[in-house]
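One chain comes next, on its own, written as structure tokens: the form predicted on its own.
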């Protein structure tokens, strides 16, 4: 039982990263019926922006310009990085996707892949290929709960991830902007004719998704403090699978599917050799999609919308 609970905690941490990134995939697809395949690299960009913000705040604190405790530096790093990375997402939408809005979906998919390569190459050109260490803003504290070891970092990552997902849910359900996003997801063609600005909704959706990806990048840097320009490729594709599994445009579905991805990966590796982890994990997901082709909370009519 102790081994099971220990792996459950590890799965919650991994699932937190997938859930936050999957939310961005799902929101963009719900409105524009396309997947932003550069989203994993935006996760990487957010992590690097967080590195820059946190390093600057730590340096200013050391010089005596501010007297900020480390926990406040982390909070400010998350907020500033989410804000800055949201503009990166909006620029990607404006430059890369808006001109191709009426083009075939394959063109938009290829554009997303090219934007991802541009972000990776730009990072390499600016910072080089060497890995960098995220500043240690939080000292690790380990708690022994009956043979199950939980760190303060893991608790923080899960709580922050769930809090951001809940905040997004409240924004979508209780604000006029959120109502417009839900209406746009319901009918892409008719709603703009009723006065809802499609361009603003698209930019807002890209901005929100990119902000959540930045938060995931910073939390990843706190847990595994080594950043590299290609860190977003694999985790981005897995979060994409979680978005598909959750269902089109479903915040709850993307969150649950992200955590399920973490559970499957961790528990498969606990039972089987690690080399078979992805094979068995994706076989399980494929089996789920055979019986739930629209995902956990996807609507059947979505398959007949603009493709």
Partner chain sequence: MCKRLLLVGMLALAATFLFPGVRGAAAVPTIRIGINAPLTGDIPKVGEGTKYAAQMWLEDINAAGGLDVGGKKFKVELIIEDNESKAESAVTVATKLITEDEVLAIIGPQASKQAVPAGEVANNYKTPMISPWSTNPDTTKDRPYVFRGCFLDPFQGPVAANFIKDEFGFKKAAVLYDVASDYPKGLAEFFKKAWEEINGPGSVVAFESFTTKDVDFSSQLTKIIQSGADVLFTPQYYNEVALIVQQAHQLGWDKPIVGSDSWGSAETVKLCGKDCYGLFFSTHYAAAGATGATKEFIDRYNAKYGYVPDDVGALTWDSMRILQQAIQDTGGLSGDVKKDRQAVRDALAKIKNFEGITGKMTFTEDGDPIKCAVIVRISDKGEFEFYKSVCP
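Everything quoted here is computed from the prediction, not taken from an experiment. Numbering follows the first chain given and starts at 1.
In what follows, reference is made to the form predicted together with the partner chain, a form of this protein that is not presented.
Taking the partner from elsewhere, residue 25 is found to have every heavy atom lying beyond 4.5 Å of the partner chain in the predicted complex. The closest non-hydrogen atom of residue 220 lies within 4.5 Å of the partner chain in the predicted complex. By the criterion of a heavy atom within 4.5 Å, residue 131 is counted among the residues contacting the partner chain in the predicted complex.
Within this chain, residue 178 is remote from the site of the partner chain in the predicted complex, having no heavy atom within 4.5 Å. Think of it this way: in the predicted complex, the partner chain has a heavy atom of just one of 266, 57, 256, 45 within 4.5 Å, and the residue is 266.
The contact with the partner chain in the predicted complex, taken as any heavy atom within 4.5 Å, belongs to 124 out of 124, 79, 193, 72. You can rule out all but one of 151-159, 178-186, 210-218, 79-87: in the predicted complex, only 151-159 has residues with a heavy atom within 4.5 Å of the partner chain. Contacts between stretch 89-111 and the partner chain, counted in the predicted complex as any heavy atom lying within 4.5 Å, involve no residue at all.
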